[in-house]
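Let's start with one chain on its own, the form predicted alone, as structure tokens.
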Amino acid sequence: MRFYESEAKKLLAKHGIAPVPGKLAINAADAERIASELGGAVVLKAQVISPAAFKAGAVRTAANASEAKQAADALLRLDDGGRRPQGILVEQRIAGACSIAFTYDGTRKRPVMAASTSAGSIERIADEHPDRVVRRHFSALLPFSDYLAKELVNALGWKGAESTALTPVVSRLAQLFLKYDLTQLEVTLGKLDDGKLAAVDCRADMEVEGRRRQKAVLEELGIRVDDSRAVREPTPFEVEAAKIDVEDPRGVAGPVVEFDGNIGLVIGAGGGSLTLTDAVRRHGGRPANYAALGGNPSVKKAARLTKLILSKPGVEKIAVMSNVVSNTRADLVARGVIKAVTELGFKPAEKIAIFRVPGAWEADAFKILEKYGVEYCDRTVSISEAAKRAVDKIGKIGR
């Protein structure tokens, strides 16, 4: 879940990292007034999420208040995935002195921080000038050590007073990254006239599953529960799916994304759900949705999600699949999908194309499925083969 930059900078301010002087404008007149108050050159940033909006020029500069008004008027007309920008952040134009980023290293299975004395995206800098980026891994379990922050700063080449100023900022950023369940935090720092460091640019993404734990801070920032922060406005189907996840804390049912297909997917969370969706497409199938069901959901939660998917116009059958899981009881998933199908007045054997949820309590799940004549398979049948069986039952594209 992506934060607007104005929200991300509020998080920084909570941890003693001041943003560059600026304010959020809600219209062009506001932008003109703020630019006039700031004086001099300003940067205007449309508060958008969609990559297409960024490519369309979501950031502009202005030499004075009059130019700021014209730039804001154009920025407010950007298409942010079906939405309008949530205001314009108007800030003093200050050059960046260094960039610091935090994310997770999938290979090392640990958080990693990277920094560069070049301003801008760390990913871009690493691609173009890998020698300009330094990295340090740290623990997600143990308290963050200021020593690691100092190591990173020294590796950048910052010494003396500069090192003394930057080290605590890096430490606070690392603590913020861990505290708020962030998956990515990238900050460009610049020097104000008094020599103090301030956040020039900031990008922050939160883990979707962290939203429940971070409810207090999200409310403080004014972020609604149903605001998915997707790159486009959610459909009514997706909004209803989000409610299912929020209203029952047991397990995870989401994110759910709507497609235009005939195969409903009730699939395991994590990378397995992406693999399964791709497998259905690879075998010529047309997914009606993407879903992620895991974390040991209740029977009720699995049933509500299944009912929603089966009720979607155009859905002929559902495929219930996941990778091998230890934190989700297969029997509860089986009970949930059977409950949904029967309560909708269908026969499970006719509506469930395949059931492949190997893992905890799978033997009990298989007994339930046998009772209703539903085809199932265990871990000896690959994800790809299970997807193929489901597609063969429903029909491929063009049939």
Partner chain sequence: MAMFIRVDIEDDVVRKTPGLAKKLVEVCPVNIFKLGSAEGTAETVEENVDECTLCDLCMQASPEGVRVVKLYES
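Residue numbers count along the first chain shown, from 1. The model shown is predicted, which means the values in this text are computed figures rather than measured ones.
Unshown form predicted together with its partner chain; subsequent notes refer to it.
Contact with its partner chain in the model of the complex holds for all three of Leu332, Trp361 and Lys371, each having a heavy atom within 4.5 Å. Annotated contact segment (heavy atom within 4.5 Å of its partner chain in the model of the complex): 371-379, selected among 371-379, 21-29, 386-394, 5-13.
In the model of the complex, at least one heavy atom of Lys339 sits within 4.5 Å of its partner chain. Using a 4.5 angstroms threshold between heavy atoms, Lys367 counts as touching its partner chain in the model of the complex. The closest heavy atom approach of Ser298 to its partner chain in the model of the complex falls within 4.5 Å.
In the model of the complex, no heavy atom of Arg110 sits within 4.5 Å of its partner chain. This chain is drawn without its partner chain; in the model of the complex, the residue among Arg250, Arg84, Lys159, Lys215 with a heavy atom within 4.5 Å of it is Arg250.
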